[in-house]
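Only one chain comes next, encoded as structure tokens, the form predicted on its own.
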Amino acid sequence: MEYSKVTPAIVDELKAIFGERNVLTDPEKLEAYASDEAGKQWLHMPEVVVKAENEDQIVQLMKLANREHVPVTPRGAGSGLAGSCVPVYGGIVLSMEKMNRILEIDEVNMVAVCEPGVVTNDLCKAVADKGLFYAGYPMSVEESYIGANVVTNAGGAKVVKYGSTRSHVLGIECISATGEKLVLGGKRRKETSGYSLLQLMVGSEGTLAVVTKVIINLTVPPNMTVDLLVPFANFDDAVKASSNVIRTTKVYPITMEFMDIFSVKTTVEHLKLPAFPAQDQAAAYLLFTLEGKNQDELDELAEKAGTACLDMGALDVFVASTKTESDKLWTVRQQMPSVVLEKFPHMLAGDVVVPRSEVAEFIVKARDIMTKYPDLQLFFFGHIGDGNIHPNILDKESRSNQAWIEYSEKVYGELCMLGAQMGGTVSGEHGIGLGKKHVLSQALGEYPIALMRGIKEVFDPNGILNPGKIFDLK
């Protein structure tokens, strides 16, 4: 795909639209917008960055970009792991960082209305102050933006009970690639009005339109909860125990996480935290949260869950008896992805989903695949309760950035295809972005990709909005 360069005349027009303070051209400042958490090896420099403060500016931007045939890459906090906000073709990065207001918390309709740059954790705290609860909870909750969660259909620890971001989006306002405003959904909870353009936008990774407002469903807070940390000496026992807990208690935990010992030790040591219980004996851990209506019910569920784990070979069951203890456990799990990415620049943070019944077999087969690659280290963590496993591969050699990209894509493609062949899919929450488009077409086949290209062409006839993501344009 060929695009025009950003000329000085275009920069002048951008300054007239956004104001000079909101237009960045200094290479040192541009570099902060050239990659995401997937790593610097995926870096592509933008030619200019603009910071939107309102939707009218975005309308003008898209009309300018179409006229000049310049690519526009929308960007949230840059906390993604698939390169979805990396400006592959240079051009203009559209930062949403200044559109960061919670516009309304409607307690009657139990919804929140937000601009796309609202930090997820800020929304969680604001609605909690009103006695309400936002159940969408990606692991990047303290950094990620609501708008980016929507366009990547972010998941996280609570999907096992509450579903991914898609389950919580009631309405979206957005600006199409040609500068037209779309108002989709609203505060209502039912709609049968033709094709769901609202759901089409969720997970579209900024390739169809720029989200300017989101209406989020709220609910009541959970009842009393308790966190359990369960170490296992045997890797496979931990995986099998996760299903046994659900069968035994007959309830879905709010969360159920899986962490291997390499992930735990690396994170604990890096954060200078006390060692996990049984850390010198464990090969893996389960960490999960149970909910009960009262203390008696909670105690009964915890006992059943703990017994189910012990029956499957758990070394012990540790109950977090205070909020401080719970926070320490969850700090390790939440910080795990960013810690390993910081420590190991050549690390591909993976994301594969299989039916929960296939998780144990997937991990066994993934480890078998990796015996062909002794120069790589494979380690796991993830949301085992919903079958969303993060098999991560680490470079044990000193490859160049480009060599690592090519090699890791090849190897990871095998792991993704394994998941797809077992009834899963190549991504559950990270998205496709730049990093997985090579394997998406293998997993889905050409006809579904052709349909996606057709949808893209309808919304974005000039192919200027976040090009190079999900699939290549023809």
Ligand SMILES: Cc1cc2nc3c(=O)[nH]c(=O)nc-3n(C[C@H](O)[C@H](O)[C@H](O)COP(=O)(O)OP(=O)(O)OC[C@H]3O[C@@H](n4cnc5c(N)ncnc54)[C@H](O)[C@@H]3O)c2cc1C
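Note that residue numbering begins at 1 and tracks the sequence as displayed. Quick caveat: nothing in here was measured; it's all calculated off a predicted structure.
The protein also exists as the form predicted together with the ligand; that form is not presented, and the subsequent description refers to it.
Listed residue that, although the ligand is not shown, lies within 4.5 Å of it in the predicted complex (heavy atoms), from E107, E143, E191, E358: The option sitting close enough to the partner is E143.
Selected contact from G387, G91, G155, P391, since only one has a non-hydrogen atom within 4.5 angstroms of the ligand in the predicted complex: It is G155.
Contact flag, L197 vs the ligand in the predicted complex, heavy atom cut 4.5 Å: It does not: once the ligand is placed as it appears in the predicted complex, L197 has no heavy atom within 4.5 Å of it.
Contact test in the predicted complex: V210 vs the ligand, heavy atoms, 4.5 Å: Output for V210 is yes: heavy atoms within 4.5 Å of the ligand.
In the predicted complex, L341 touching the ligand (heavy atom, 4.5 Å): Yes, L341 sits close enough to the ligand in the predicted complex that at least one of its heavy atoms falls within 4.5 Å.
Non-hydrogen atom contact M139 with the ligand in the predicted complex at 4.5 angstroms: Although the ligand is absent here, M139 would touch it in the predicted complex, with heavy atoms inside 4.5 Å.
Location of the ligand contact in the predicted complex, chosen stretch of 330-338, 176-184, 364-372, 217-225 [non-hydrogen atom, 4.5 Å]: In short, 330-338.
Stretch 40-77 - residues with a heavy atom within 4.5 Å of the ligand in the predicted complex: Residues within 4.5 Å: P74, R75, G76, A77.
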